[in-house]
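Before any questions on binding or motion, here is one chain by itself as structure tokens, the form predicted alone.
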């Protein structure tokens, strides 16, 4: 009976996994399909006569866009950590006045649609001359990650034993020394979690990129894919090949950091 129940669970798990991964499979399938076979009805479920033309187009045309996305992604990670880690430390451990109100405002900030923020950034950047710059795009993407990052750091740092901080104080460590030498190393899981999500949000951003950096010399990969799309598009294999290549860095980061992310996301959920 137990084995039968386990088999059903395993079968359902495999079925749901296959359903969720089917878009990924179809993306790879189309990326290897020749242009002449793309409009066949019914479509080919397997690339019977595969071609690498789409990937050749990626190497010829999209490498600068991939490099731009990497710069924007890592820039967003660094700026998010510089802002959110000290903020979470203050909210969690320094008894900051108005901490509850700030946490509420951070929750509200996460509900603001990105398109609304993009319009606001456009009006500001026009006056500052920051349109079509990598720095402007990094700052805009960081605003999406910072509220989530501060809330996560606050939840995690609230669980750090007070005795640890008191021992650092007795040894003569000040506020910043305690933060840098004690709190930040102990918060490794939340740092990795915040870094991963900040990178993924910046990597997949399209609204800010199309609003603030459409005509720049350095466009991210999301705009690079978009430029393939038109009324008479026939380069679907190039679009899907670009999507496959663009998925690789995010997939690698998820695989490497998954156990730290699980610990970081659940941090603060249970109090001793």
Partner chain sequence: MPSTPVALGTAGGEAGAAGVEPAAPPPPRRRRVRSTQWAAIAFAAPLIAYLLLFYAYPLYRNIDLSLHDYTIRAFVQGNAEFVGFDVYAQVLGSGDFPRALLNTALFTFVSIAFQYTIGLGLAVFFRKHFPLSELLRALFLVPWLLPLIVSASTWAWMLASDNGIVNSVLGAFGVGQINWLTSPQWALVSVIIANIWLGIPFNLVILYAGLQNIPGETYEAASLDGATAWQQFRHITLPLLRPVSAITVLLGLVYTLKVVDVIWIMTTGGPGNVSTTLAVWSYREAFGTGRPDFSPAAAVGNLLILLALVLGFVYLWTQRRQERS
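Please read these numbers as outputs of a predicted model, since none were measured by experiment. Residue numbers count along the first chain shown, from 1.
Unshown form predicted together with the partner chain; subsequent notes refer to it.
Across the proposed site, 59, 130 and 199 without exception lack any heavy atom within 4.5 Å of the partner chain in the predicted complex. Note that among 67-75, 187-195, 88-96, 156-164, the stretch whose heavy atoms approach the partner chain to within 4.5 Å in the predicted complex is 88-96.
In the predicted complex, the partner chain lies within 4.5 Å of some heavy atom of residue 110.
Contact check for residue 211: a heavy atom falls within 4.5 Å of the partner chain in the predicted complex. Among residues of the shown chain, residue 43 is one whose heavy atoms approach the partner chain to within 4.5 Å in the predicted complex.
With a 4.5 Å cutoff on heavy atoms, residue 134 does not count as touching the partner chain in the predicted complex; it lies far away.
Interface residues of 169-208, taken as those with a heavy atom within 4.5 Å of the partner chain in the predicted complex (partner not displayed): 175, 176, 179, 197, 200, 203, 204, 206, 207, in sequence order.
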